[in-house]
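Just so you know, structure 1 and structure 2 below are the same protein chain in two forms, each on its own as structure tokens.
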Structure 1
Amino acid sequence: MTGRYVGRRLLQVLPTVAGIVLVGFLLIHLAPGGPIIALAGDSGDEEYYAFMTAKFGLDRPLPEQLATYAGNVLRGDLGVSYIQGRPAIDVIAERLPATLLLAGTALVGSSVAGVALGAWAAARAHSIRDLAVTSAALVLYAAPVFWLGQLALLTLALRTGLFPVQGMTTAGGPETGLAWALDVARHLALPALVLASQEVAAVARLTRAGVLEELAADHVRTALAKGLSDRRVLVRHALRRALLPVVTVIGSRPGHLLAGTIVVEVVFGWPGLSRLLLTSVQTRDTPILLGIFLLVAATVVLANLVTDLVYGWLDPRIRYR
């Protein structure tokens, strides 16, 4: 991978980051009651208002306010949660690992399973198994994730007792070591599966379409004419090219995935960001909400960047342009 390619991609990220910060700034200023209420709550605490006014330069002209605000945000200073009285970033950081564990498991699992299923279906296009995969993907892609979660709870957890119903750990269970990890894994399985299902559907559909298109390509005929095995042609030749759009889609879905994570967390009582997010909506705890929004946006931007780099690795024509 050439350094110039990486550098160019990094440069392109900057305006996006600036835009996202600007959106947060705009929302705060458009909010009823103005920026001070949005940033410091409606407690009426004049001393705190004065402190926040100074901190964010709210008595200065708008461009200067924007600069101050952007500086604070980029340094990770999102203000103080006025419900908890602690820096917003600390409050968010506490809940983040659980959410990332759930989302990360689903992302990795769905990418692998989706690509495998899609390629498997495409290898026998229009067969029974292809029909089964395509229809399942169509239904899963349409089903709302909370509903899938509720159905999974009803059938797999409540009826059979195979899986725990709520939470991330068993109350009074092991708190360290392998036993703890296994306990978490057992709690993780069902929510991760539900969260992954829609992503699996999306990835499988796209992989299948891509592989089918590639299998019709001249270079695949060349590979077959060389005497390569079907499996090798499918995996090394067709799938490699078909992965290009798949990578794009996987890379463009973290926003979607994190939204799904919030919803699944509610269904399974998973102790991630969801509860914090919902209480913050009730209490209008803007620093927290803004923090989560910026965090998710940053994740999406980062994912796009990684996608582009992977893309360049998969397609030399882009790398050397």
Structure 2
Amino acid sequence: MTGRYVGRRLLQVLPTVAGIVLVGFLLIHLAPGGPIIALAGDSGDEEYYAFMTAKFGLDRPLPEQLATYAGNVLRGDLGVSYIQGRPAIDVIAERLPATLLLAGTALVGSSVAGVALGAWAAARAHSIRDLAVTSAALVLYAAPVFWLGQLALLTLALRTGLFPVQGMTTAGGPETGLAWALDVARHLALPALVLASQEVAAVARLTRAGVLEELAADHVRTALAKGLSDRRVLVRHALRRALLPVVTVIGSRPGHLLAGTIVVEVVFGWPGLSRLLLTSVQTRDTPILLGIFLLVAATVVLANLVTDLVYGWLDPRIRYR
């Protein structure tokens, strides 16, 4: 893998994100309705509506609005929230850390657990533990996230009291230090587990299939014939080669996880972007909607870039030019 390839891929990120933002801008602005009624109420007169439309530049031609917005984005300005009257980037930044914590924990946890469970099941194919892992993965993958969230809330939070019901921290609890971190971790555990459930199932099933295929390959039989231990053969010779398709799946999940946090955050009262997104959709707060859209688009594009780079590390035979 060369530095020239990495530089070229980074240059491709900008036009890709720009194209996605263009599509999002057009979809939002061409959709029926608008933010003026939400801003001015339904009891104003035409003169007041015209004033509010001009105030936010919504009376200008759509190409002019697009050019203005694109220029502002290049300067790091996402505009001002119609509803809150504050810079959209500040409003999003207040909620973003909580969402990134939830989605990042779910992504890392599901990736590690899924690979470990898939390899563990494949090591004893068609055994009781293999049947248990594949059956559990099938059930989790088929179960809707909102249903799992409600079930976990009723059983693990309300009935047993093992986990908090709502929020990110305990009201009146510590605000800094180790005690605060442990409090956040306790609140994070259940929503992250629910969000990661389907990801664990998908990664485990794919890992199991890949490892089984590699265990039947000639190079694995040769390694066993040389006297290498079963664990070494599984990890060094079978699992590493089986991870390429798994990395592809994991690399495509950040955008899906960010979307999934909307449901999980609502169920568990997690103070992330979900409530802000739902409110912005209802009020057509375009700067907030486009800011979140840009964030998700950039996350997906960068995740694909990282996936390509991980390919070269997992399989040195892969060379990018």
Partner chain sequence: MAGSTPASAIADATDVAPVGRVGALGRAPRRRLLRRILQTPAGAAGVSLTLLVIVVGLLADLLAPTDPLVPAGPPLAPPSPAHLMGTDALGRDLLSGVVYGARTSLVVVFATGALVLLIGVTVGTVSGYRGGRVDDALMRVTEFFQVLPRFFLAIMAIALFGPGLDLLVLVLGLTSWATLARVVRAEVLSLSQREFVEAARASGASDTRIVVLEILPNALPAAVVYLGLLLAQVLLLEASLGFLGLGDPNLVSWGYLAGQAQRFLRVAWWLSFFPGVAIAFAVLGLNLLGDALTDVLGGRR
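Not measured: the values here are computed from a predicted model. Counting starts at 1 and follows the sequence of structure 1. By rigid core we mean the largest C-alpha set that fits within 1.5 Å across both forms.
**Q.** Of structures 1 and 2, the one that is the form predicted in complex with the partner chain
**A.** Note: form predicted in complex with the partner chain is structure 1; the other is not.
Q.
So that I can tell if R284 moves, could you say whether its C-alpha shifts by at least 2 Å between the two structures after the core superposition?
A. No, because once the rigid core is superposed, the C-alpha of R284 moves less than 2 Å between the two structures.
**Q.** Core-aligned C-alpha movement of R275 between the two structures, 2 Å or more
**A.** Stays below the 2 Å threshold, so no.
Q.
So that I can tell if V13 moves, could you say whether its C-alpha shifts by at least 2 Å between the two structures after the core superposition?
A. Yes; V13 is a residue whose C-alpha shifts (by 2 Å or more) between the two structures when the cores are overlaid.
Q) What is the C-alpha shift for E64 between the two structures, rigid core superposed, to one decimal in Å? A) Its C-alpha shift, to one decimal, is 7.2 Å.
Q. F51: how far does its C-alpha move between the two structures, core aligned, in angstrom?
A. For F51, the alpha-carbon shift amounts to 11.8 Å.
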